[in-house]
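There is one chain below, alone, in structure tokens, taken in the form predicted alone.
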């Protein structure tokens, strides 16, 4: 009986906390501006949840050999081109747009000491919600992500002078391996390419801004953008080259890869 009373008391306490939290959010009491940091308990909760999630989801990832110098040099070039913008480097500040991000982008020299290689791979590939960290799986093949991890493992031992002396090499991203189009991956890609900021898209949570036409029922429409017959091939073409199809249209060229376009077209075929 005593245990039952304690359980009921705990459930009531949780319900009360939930009600208070809902009230705080609904009435705008919590300050969501980026000029102020999170409250310490909020930051702890988000950081702890993130760390535990990464640890759980990365535990079965096989780590390849990361000591190959060619792999490290490739990772260095990718790091310089893509990561320094937000995270900085030894003696190099992040770009101005990243200085006010909340939460602040992590110092990757510290991250390389703080995280295991499999965890660094998972974070880079899949990103982190509400942190500004994108899912790089839509930009890099797995081999490129491992190259970045290989360089990150070396980063804590590089001084500012050594970093400045590293050769300024360029690395063209490797192509993704061929695969059968995946509607589920296409659904994720639709959000990664910010389609939800202009279109209402069933099954995707977001602003659902009706700037462009709703994509609900697009699979049953006869034409794409009022110009192309609605076939999978033409949908891929439209997703990859919208400005070439219709130079006067508002649809921008988002740099959609061929693989991602096929996946997105497969997802759009499910919207009937």
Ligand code: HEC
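Residue numbers count along the first chain shown, from 1. Predicted model only: the values in this text are computed from it and were never measured.
Keep in mind that the form predicted in complex with the ligand is not shown, yet the notes after this line are about it.
Asker: At the 4.5 Å heavy atom threshold, is residue 252 in contact with the ligand in the predicted complex?
Answerer: Although the ligand is absent here, residue 252 would touch it in the predicted complex, with heavy atoms inside 4.5 Å.
Asker: Is residue 136 a contact residue for the ligand in the predicted complex, using a 4.5 Å heavy atom cut-off?
Answerer: So residue 136 counts as contacting the ligand.
Asker: If we define contact as a non-hydrogen atom of the residue within 4.5 angstroms of the partner, is residue 182 a contact of the ligand in the predicted complex?
Answerer: Close contact is absent here: in the predicted complex, residue 182 is far from the ligand, nothing within 4.5 Å, heavy atoms only.
Asker: Answer yes if any heavy atom of residue 117 is within 4.5 Å of a heavy atom of the ligand in the predicted complex; otherwise answer no.
Answerer: Because no heavy atom of residue 117 falls inside 4.5 Å of the ligand in the predicted complex, the answer is no.
Asker: Which one, 158, 200, 194, 173, lies within 4.5 Å of the ligand in the predicted complex by heavy atoms?
Answerer: Checking each option against the ligand in the predicted complex, the one that comes within 4.5 Å is 194.
Asker: Decide if the three candidate residues 50, 82 and 224 all line the ligand in the predicted complex, where lining means a heavy atom within 4.5 Å.
Answerer: The answer is yes: all three residues contact the partner (heavy atom, 4.5 Å cut-off).
Asker: Which residues from 170-192 come close to the ligand in the predicted complex, meaning a heavy atom within 4.5 Å?
Answerer: Contacts from 170-192: just 190.
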